[in-house]
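Okay, so here's just one chain, in structure tokens, the form predicted alone.
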């Protein structure tokens, strides 16, 4: 009995330590970003930084400009575009694997989905340059296909494994009695899937979509290679864009230390951190409200 209690307390303490460690790391990242960003705002107006679309920190003959609005718009454009592409494909694939596919087909498809998750982002970026980009350019008669649409398609491919896996688990977690009751009332298997199982698993599907969007917002190499890296304000998905992550990746290694430009890049990281935090918070609120409704 004493050994079991010691073992239980040890496991409890280990889990508690891991939870506290995650919180400490998260707070540490946030504090680091704030401390590194504050010097930039001594030289740059916060409103100008957030809502001006002109980013030219290395200007020589004119005053340098530090506006990131075009980057924010580009980041959301590519990420939301990826979500609109990946969500129906991911949920549809998850529904097929959980309710339609045979055991043999499922055992073939699941490893393929896991392999897709393991493909490096630089390889996805190469595919965007040599495969997706030329197709977009040919269809829309553009000089090149390095634009927001290209980035959205590639990020959708990268988000698919997360959405498929979590959505499938959510659909499998729906009580079997829900399906049996629906079929007993005369509903077809298709009606049961679309009107009973998917609504019942909606909280898990929302979580999957939020995680997929988080993957898209935080991706760097793919958007760096496939979106054209143009700092102008995009007007459509056929325009070249430059996201916040791409800007940090391009400039941080070359910028002189202890300059306004250097600290402004950390400020971009802080904005990206806050955006990601807000998205996760909104998704958590939605999940709790939906769970209360279905109860």
Partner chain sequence: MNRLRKIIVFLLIGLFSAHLCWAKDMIQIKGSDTLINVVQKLAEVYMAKKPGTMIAVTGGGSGTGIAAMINKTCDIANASRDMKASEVEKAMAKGVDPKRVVVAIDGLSIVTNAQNPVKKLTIDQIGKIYRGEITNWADVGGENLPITLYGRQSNSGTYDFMKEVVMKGEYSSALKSMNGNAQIIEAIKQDKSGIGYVGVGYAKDASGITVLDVARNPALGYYSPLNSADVKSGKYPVSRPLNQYINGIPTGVVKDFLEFELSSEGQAIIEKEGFFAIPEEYQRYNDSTLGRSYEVSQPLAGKVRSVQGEYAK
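Note that the structure is predicted; figures quoted are calculated from it, not measured. Numbering follows the first chain given and starts at 1.
The next section is about a form of this same protein that is not shown, the form predicted together with the partner chain.
field: Non-hydrogen atom contact residue 134 with the partner chain in the model of the complex at 4.5 angstroms
entry: Although the partner chain is absent here, residue 134 would touch it in the model of the complex, with heavy atoms inside 4.5 Å.
task: Please check if residue 201 has a heavy atom lying within 4.5 Å of any heavy atom of the partner chain in the model of the complex.
output: Flag for residue 201 set to no.
- prompt: Quick one: does residue 228 come within 4.5 Å of the partner chain in the model of the complex, counting heavy atoms only?
  reply: Close contact exists here: in the model of the complex, residue 228 approaches the partner chain to within 4.5 Å, heavy atoms only.
message: Please tell me whether any heavy atom belonging to residue 56 falls inside 4.5 Å of a heavy atom of the partner chain, as the geometry stands in the model of the complex.
response: Taking the distances in the model of the complex, the answer for residue 56 is yes, it comes within 4.5 Å of the partner chain.
- prompt: Of these, 210, 146, 217, 156, which has a heavy atom no more than 4.5 Å from the partner chain in the model of the complex?
  reply: It is 146 that has a heavy atom within 4.5 Å of the partner.
- request: Have a look at 171, 224, 71, 124 for me and say which one sits with a heavy atom within 4.5 Å of the partner chain in the model of the complex.
  value: Flagged contact: 224.
query: With the partner left out here, if you bring back the partner chain in the model of the complex, are 62, 232 and 253 all within 4.5 Å of it by some heavy atom?
result: Result yes, every residue of the spot touches the partner chain.
query: Just one stretch in 266-274, 25-33, 39-47, 238-246 has heavy atoms within 4.5 Å of the partner chain in the model of the complex, so which one is it?
result: Comparing against the partner chain in the model of the complex, the contact stretch is 238-246.
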